[in-house]
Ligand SMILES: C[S@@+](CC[C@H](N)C(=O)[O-])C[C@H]1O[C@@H](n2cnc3c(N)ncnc32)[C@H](O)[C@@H]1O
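Shown next as structure tokens: one chain only, the form predicted on its own.
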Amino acid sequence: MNDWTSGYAADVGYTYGSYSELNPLREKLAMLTAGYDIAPCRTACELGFGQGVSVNIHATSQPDTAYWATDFNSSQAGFAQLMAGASGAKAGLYDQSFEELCRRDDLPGSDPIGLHGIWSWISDENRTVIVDFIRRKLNVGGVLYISYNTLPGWAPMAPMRHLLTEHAAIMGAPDRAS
């Protein structure tokens, strides 16, 4: 990939929200409610963690689970890493593209893999990379959580996404891979 963001507006910071849907304990509860028992979570992965609030809360509150996560906005990854250091969270937080993360051979399999919202904002090429990653890294019996923006609920945001993408293309920093 020549453009490491592949159209994602990486020059615009994400919100500082926390998303409980990404919590492996909540995922386990959902599976138990549906009649499925899943193994204890030993390793969790989040792709596109934004400011890293959720991944840090979950990693800090579940010290027996190792967390691996990436967000290709380096300022967001830096903030998330500072939070992990301050909290003592057991988390490997990176500012790598999905392609870079997918090529790593040091990542273990993961019990849950979570993507909150990112699926709607990335290219088809990045989606293909993520599907390959999931095929190789989601442990048997693991949980995959993907949330994404759909129409008509997100239709009012389409012009904003276009505006942010255009702003990043014209006013943003040069491509990091250049």
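Predicted, not measured: the structure shown is a model, and the values here were computed from it. All residue numbers are counted from 1 along the displayed sequence.
There is another form of the same protein, the form predicted together with the ligand; it is not shown, and what comes next is about it.
Under a 4.5 angstroms non-hydrogen atom cutoff, the ligand in the model of the complex has Gln96 among its neighbouring residues. Although the partner is absent here, Ile118 is a contact residue: one of its heavy atoms lies within 4.5 angstroms of the ligand in the model of the complex. Contact annotation: Ile122 falls within 4.5 Å of the ligand in the model of the complex, judged by heavy atom distances. Gly48 belongs to the set of residues with a heavy atom inside 4.5 Å of the ligand in the model of the complex. Of the candidate stretches 65 to 73, 36 to 44, 23 to 31, 131 to 139, only 65 to 73 has residues with heavy atoms within 4.5 Å of the ligand in the model of the complex.
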